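For reference, the chain that follows is the form predicted on its own, supplied as structure tokens.
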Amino acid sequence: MIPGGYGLPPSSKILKKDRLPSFLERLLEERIVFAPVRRGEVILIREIHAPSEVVLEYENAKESPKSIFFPEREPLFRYRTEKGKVEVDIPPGRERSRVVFGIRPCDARGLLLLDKVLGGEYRDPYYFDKRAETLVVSLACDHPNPSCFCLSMGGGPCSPEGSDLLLLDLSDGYLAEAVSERGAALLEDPAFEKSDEESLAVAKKIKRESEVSMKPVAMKENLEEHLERVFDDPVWKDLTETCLGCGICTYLCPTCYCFDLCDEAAGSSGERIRVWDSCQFPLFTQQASGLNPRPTAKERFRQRIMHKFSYLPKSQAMLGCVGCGRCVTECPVNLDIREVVKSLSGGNGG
């Protein structure tokens, strides 16, 4: 791995904006490319077929790029029964290498948590088939959205974590920083030119200013242990009073990975499908007997917060939130996770 960080000339180059289209053209010749595109009034991360589709002046995409690696609906295998025999067909894996281009650092960092969870003792072959040969080129946030709080979650608006190459907008071009060997190989493209001290100095200034512009989230020290102590506190009922249980927070989240398995069959054939699920849905924990250990919104909301800020830090050494702010901006009842953490922290960071 090539160490990240500004001030490392061998791993940093400049990509002038007028050279970006030719660079993307060459990527498209060799790989499947996903990038931010405009669909109506929103920005989404979608497969592109021409450089002109790409939009890089945006705050963040409506959805995270999680579905590129972990689709909302994914056939795992198809089966047929005939004369007492069962035939199983597994969908073919990826046919071409891929690039996810221009996503924000919070989303790139979110992939690291999915790597940990889906790559544990029981490695998910469907996820890693897509992840293995996918290059991640992220675009640093020089003007973070007010709803973003990645810095408080251990990342940052210019964090290189989870990326192979990090771009930082310098007005007339991008400072491109290699974070991995695969990212360094991209810098060999003729579209890139050598960086200079002035560009590196400007990049440091932009990084510093973007971090300073972010309002920190008040979090209690050792929050994971504190949450266990307040597990039965009445505060959970108060916090959940307005929650609709719609699940939009989990569906838009870069790190939520709950799923359900279902069979769709017709006659002697069918397929097993993995679909996203949400801990916020009443049926998520309902057992065949009818018993539901999380019968109300309070228990379900508590599970989401405990999982992100207590269980995952203990099991994966990483918070289950990257501070992208989607659940803040898209919640229909304005239930702000930052205010939730603040309330659970006693209103201060001590």
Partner chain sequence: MQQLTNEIRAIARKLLREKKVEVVIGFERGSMPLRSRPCFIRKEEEVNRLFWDGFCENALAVYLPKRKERAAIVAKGCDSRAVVELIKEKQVQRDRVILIGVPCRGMVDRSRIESSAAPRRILEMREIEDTLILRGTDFEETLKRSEFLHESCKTCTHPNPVLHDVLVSEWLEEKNEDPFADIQTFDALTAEERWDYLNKEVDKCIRCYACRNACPLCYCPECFVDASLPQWIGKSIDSSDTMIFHLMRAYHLAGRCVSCGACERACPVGVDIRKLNRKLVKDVKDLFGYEAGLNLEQTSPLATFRPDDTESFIVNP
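It should be emphasised that the depicted structure is a prediction, and the values quoted were computed from it without experimental measurement. Residue numbers count along the first chain shown, from 1.
This protein has a second form, the form predicted in complex with the partner chain, left out of what is shown; the following refers to that one.
So which stretch, 248-256, 153-161, 86-94, 222-230, is the one near the partner chain in the predicted complex (non-hydrogen atoms, 4.5 Å)? Looking at the partner contacts, the answer comes out as 248-256.
146, 264 and 333 all contacting the partner chain in the predicted complex, non-hydrogen atom within 4.5 Å: Checking in the predicted complex: 146, 264 and 333 are all within 4.5 Å of the partner chain.
Contact label in the predicted complex: residue 59 to the partner chain, heavy atom within 4.5 Å: Yes, contact at 4.5 Å.
Verify the contact flag for residue 281: yes if a non-hydrogen atom of it lies within 4.5 Å of a non-hydrogen atom of the partner chain in the predicted complex, no if not. Close contact exists here: in the predicted complex, residue 281 approaches the partner chain to within 4.5 Å, heavy atoms only.
Residue 244, heavy atom within 4.5 angstroms of the partner chain in the predicted complex: Yes, residue 244 lies within 4.5 Å of the partner chain in the predicted complex.
Is there any non-hydrogen atom of residue 338 lying within 4.5 Å of the partner chain in the predicted complex? Although the partner chain is absent here, residue 338 would touch it in the predicted complex, with heavy atoms inside 4.5 Å.
Of the residues 73, 80, 123, 205, which one places a heavy atom within 4.5 Å of the partner chain in the predicted complex? Contact residue from the list: 73.
So the partner chain isn't shown here. In the predicted complex, which residue out of 273, 218, 170, 135 has a non-hydrogen atom within 4.5 Å of it? The residue from 273, 218, 170, 135 that makes the contact is 273.
What residues of 311-330, in sequence order, lie within 4.5 Å of the partner chain in the predicted complex by heavy atom? The stretch 311-330, when checked against the partner chain in the predicted complex, contributes 328, 329, 330 at the 4.5 Å heavy-atom cut-off.
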